[in-house]
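Two separate entries follow, structure 1 and structure 2, each one form of the same protein chain as structure tokens.
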Structure 1
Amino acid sequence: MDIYELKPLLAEIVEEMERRVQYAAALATENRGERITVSTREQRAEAVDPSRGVVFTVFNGRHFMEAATNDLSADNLRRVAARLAGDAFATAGDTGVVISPGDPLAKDFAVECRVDNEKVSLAEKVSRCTSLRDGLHALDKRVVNAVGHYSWVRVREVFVNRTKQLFQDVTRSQAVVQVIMAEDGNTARLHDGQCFQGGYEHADLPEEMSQGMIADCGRMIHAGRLAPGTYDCVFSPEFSGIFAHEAFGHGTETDMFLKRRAKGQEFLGKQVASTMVNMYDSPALPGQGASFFFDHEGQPASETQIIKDGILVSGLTELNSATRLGLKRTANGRRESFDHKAYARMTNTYFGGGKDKFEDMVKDIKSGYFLERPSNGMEDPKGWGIQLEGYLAREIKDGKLTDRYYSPVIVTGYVPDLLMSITMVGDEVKIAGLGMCGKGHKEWVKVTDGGPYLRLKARLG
């Protein structure tokens, strides 16, 4: 049975379950996709592991309980749901916690694909990736390995509770280029690309993206190591993005508040950043890779402002933590798949824009660095320590960018110290993101991040 056709059946099952429990809901999901990689030495095409199933959720006055199945026959779904409701009823209690099903809404949503990935032949996709690879080799003779990659995933989901019947059909497509370059016994590796909602129309990458990547990778080959210390810095929009993700993404996921593992809980309503800092998380950004129409607990997508004029004003919630902590629900209840638990998770997380120009940020820096090409990061939500890693730091000397580059670069510090040091915020916001985000090395979901250029002080190593 197609999962879209499950809506009336799931509505009947939810109604039946709520005769025994305070709250019930059902989520049906289906995903499929494809990955094509063409490198200098090999070609590879494979299907994304398909997934199809239903998860039932109930609240019995004390606990949330769930049961998942990949058998979508009506008899099995009724049987699984009845067993879950029976087990929940047997351990029910009254703690005074009441689950809100949300405002009534019955609606279907879909991402527009101008070119359907499933109607494009595999030969065409391999040819496109081959062209990307060959283009990289043509740009620089120092390229010893080049990769052109294209992948897509289509996710279809149905959510039902007593007030909602929702369906979303979301396709996400990603194109990536990567090179390894070598000269005089030194090597460097770098990648770039784009990920957006939509179809095969996103398989093309702008030529300047490959040219910029090749140029920066060439600079990395002979880049030195900078002297550790605290410097005036300018972050690129991409570096600002990883900063936003690590600083107040994980640190404000409120399921961590329940476990007393997030320092952000102590700072709600307090100043944590310069007054010119605003930060957001929004799955409602049109076309972005981590956007969707409703989360896995039926919450409609909307923007959440995390920091307003330097004040921490909101965390990112899922149903359980929002209810138990008395916080506003945000659209951040997300699962890796139907058979995984829902957690509070980021979506598109970014700094808001300001009024400053990049040239003005640089012109009065006597000695500092412009940081670009972030690679990864991590944060300790309990202690608010942060580490960001990047591929390139470009020297700023006497108000001008020089041709001296350093690689790699590592930013460390205490989150509020870094945020309070921000003195200039750029006037243009850029969102990007090719990767996935895990929760403790598991529970992977798609995220993006971004922001404007930022000027701040940072400890570099």
Structure 2
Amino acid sequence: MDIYELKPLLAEIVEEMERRVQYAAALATENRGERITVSTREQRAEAVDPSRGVVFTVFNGRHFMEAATNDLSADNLRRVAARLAGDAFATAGDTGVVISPGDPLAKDFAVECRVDNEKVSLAEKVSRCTSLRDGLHALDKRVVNAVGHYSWVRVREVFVNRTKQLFQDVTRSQAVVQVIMAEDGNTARLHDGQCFQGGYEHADLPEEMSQGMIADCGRMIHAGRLAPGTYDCVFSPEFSGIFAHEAFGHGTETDMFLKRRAKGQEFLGKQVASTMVNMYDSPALPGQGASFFFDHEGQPASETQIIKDGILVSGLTELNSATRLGLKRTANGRRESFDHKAYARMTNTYFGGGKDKFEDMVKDIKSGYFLERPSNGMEDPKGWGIQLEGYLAREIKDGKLTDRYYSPVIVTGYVPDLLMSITMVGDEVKIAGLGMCGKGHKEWVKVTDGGPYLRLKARLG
């Protein structure tokens, strides 16, 4: 059965469950898509893991309970829901906590695709990836393995509770290139690409992207090792993005407030960054890879300003922590898939733009580094520590970029120190779309991050 057609059945089941429990909801999700990878010696074309299932959620007055299944027959759904409601009823209590279903809303949403992926032949997609791969080899003889990749996923979701019946049909498409280059016994690997909401219109990668990637990968092969220390730095927009994500993304997920794991909780309303700094999270950002119309708990998408003029003003909530902490709900209750729990998660997270130019930031530095090509990050919301890793740091000497490169680079430090040290904020915000985010080391959801160039002081290794 098409999950859209499950709406009336799920509504009926939710109503039936609420005869026994205070609150009930149902989320049905379905993913489908394709993934095509053409590398130097291998090709793969496969359906993106189609996840299709339903999760029922109830609140028994004391805590939430859920049951998830991928058998979507009406009999099974009724059976699973009835068993869940029965278990909840049997363990019910009254703690005074009341779950609000939210304002009434019944609406269908969809992302428009200018070129429907399902109408583009697989042969064309394979051919496009093959061209990408061949183009990479042609750019540099040191390329030993090149990859052209295109994938798309169409996510269809139904959310039903007492006041809401929502449906969204969201497609995002991603094109990626990757190379492994080798010379004199050294090897390096780098990738680049783009991901946006929409269809095959996003399969085209600008030529400059591949050229830039090859040039940087070539630099990485023979890059030196940076002497650890604290330096004046300029972060590229991509590096700023991962900084935003790790610094005050995870630190403001309010399920961490409930667990007393986020130092940010103590600093709501207080100065945590330079007055130049503004930061946002928004699943309503048009066209971005982590955008949607409602979260997995039925909250309609909207922008949240996390930092305003350096002051921490808001966290990112899911239903449980918003209810228990008395916070305004934001659309950040997200699951990896129907068979995973919902947590407070980021979406598109980015620093706001300022007034400064990149050239002026570099001119301002006597001895420091320009950091680009971020690879990974890790948060420590309680201690406010941060670790950012990147593939490339370029030396700045006497106000100019030199030809000395270092790889890899790691930024560690205390988040408020890093944020307070920001003295210049670039005037153009760019969003990088390829990211995924884990909560700790699991629960993977699609995210993007971004920002402008930033000039700050950081400890590098």
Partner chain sequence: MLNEIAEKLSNHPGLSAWQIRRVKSRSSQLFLIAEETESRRTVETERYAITVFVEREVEGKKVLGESEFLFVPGEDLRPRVESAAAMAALVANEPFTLPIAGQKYEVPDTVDKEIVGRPNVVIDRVRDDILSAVSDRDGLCLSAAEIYATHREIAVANSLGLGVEREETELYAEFVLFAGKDCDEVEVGTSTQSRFYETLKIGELVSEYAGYASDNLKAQLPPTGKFDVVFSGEALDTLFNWFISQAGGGSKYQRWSVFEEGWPVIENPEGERLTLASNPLLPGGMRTRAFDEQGLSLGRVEVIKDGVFAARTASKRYADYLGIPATGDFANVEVAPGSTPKADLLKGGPLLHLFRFSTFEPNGVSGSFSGEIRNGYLIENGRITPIKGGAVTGAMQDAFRRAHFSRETVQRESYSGPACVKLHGLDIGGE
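Numbering for residues begins at 1 and runs along the sequence of structure 1. Keep in mind it's a predicted model, so treat the numbers as computed, not measured. For the two forms, the rigid core is made up of the largest set of C-alpha atoms that agree within 1.5 Å on superposition.
Undergrad: Just flag whichever of structures 1 and 2 is the form predicted on its own.
TA: Looking at both, the form predicted on its own is number 1.
Undergrad: Would you say whether Ala284 is displaced between structure 1 and structure 2, judging by a C-alpha shift of 2 Å or more on the superposed rigid core?
TA: Shift of 2 Å or more: no.
Undergrad: Answer yes if the Cα of Arg404 shifts by 2 angstroms or more between structure 1 and structure 2 on a rigid-core superposition, and no otherwise.
TA: Yes: Arg404 shifts by at least 2 Å between structure 1 and structure 2.
Undergrad: Any chance the CA of Ala223 moves 2 angstroms or more between structure 1 and structure 2, core superposed?
TA: Passes the 2 Å threshold, so yes.
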